[in-house]
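One chain comes next, on its own, written as structure tokens: the form predicted on its own.
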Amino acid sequence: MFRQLADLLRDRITSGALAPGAPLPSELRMAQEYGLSRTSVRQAVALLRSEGLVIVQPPRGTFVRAAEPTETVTLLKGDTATARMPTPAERRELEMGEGIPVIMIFRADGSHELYAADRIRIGR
């Protein structure tokens, strides 16, 4: 059941019906509205949080995550890029939410750079 609620909320977020920064209804309200337990509502919110779609700010509530400004990172000849989930230390260093991968750029000169995937575009 929690996956169905997560799907419903995800659709509202991606369609723009729930705009960036908008609060989600309270756990209690969603449980009552959809006839679910609060545990199911929490699971649905946790899933959306792991996908990087919402942020939880106790005790304020849960909000649709705003898109981050992006920068373009240029790959030069011989450079490569890979994606992976960040370590807890990397998440703190880059001030990232849960569920967002990092992009590691390996430069031809042997150096490397780490970026939050939701904040970069890779160009040539």
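Residue positions are given as counts along the sequence shown, with the first one as 1. No experiment lies behind these values; they were computed from the predicted model shown.
The form predicted together with the DNA is left out here; the points below concern that form.
Proximity of Arg3 to the DNA in the model of the complex: non-hydrogen atoms within 4.5 Å are present. Mapping the unseen interface onto this chain, Glu27 counts among the residues with a heavy atom inside 4.5 Å of the DNA in the model of the complex. Although the partner is absent from this view, Pro59 contacts the DNA in the model of the complex, with a non-hydrogen atom inside 4.5 angstroms. Proximity of Gly35 to the DNA in the model of the complex falls within the 4.5 Å heavy atom cutoff. Among Thr74, Thr39, Thr87, Thr80, the residue placing a heavy atom within 4.5 Å of the DNA in the model of the complex is Thr39.
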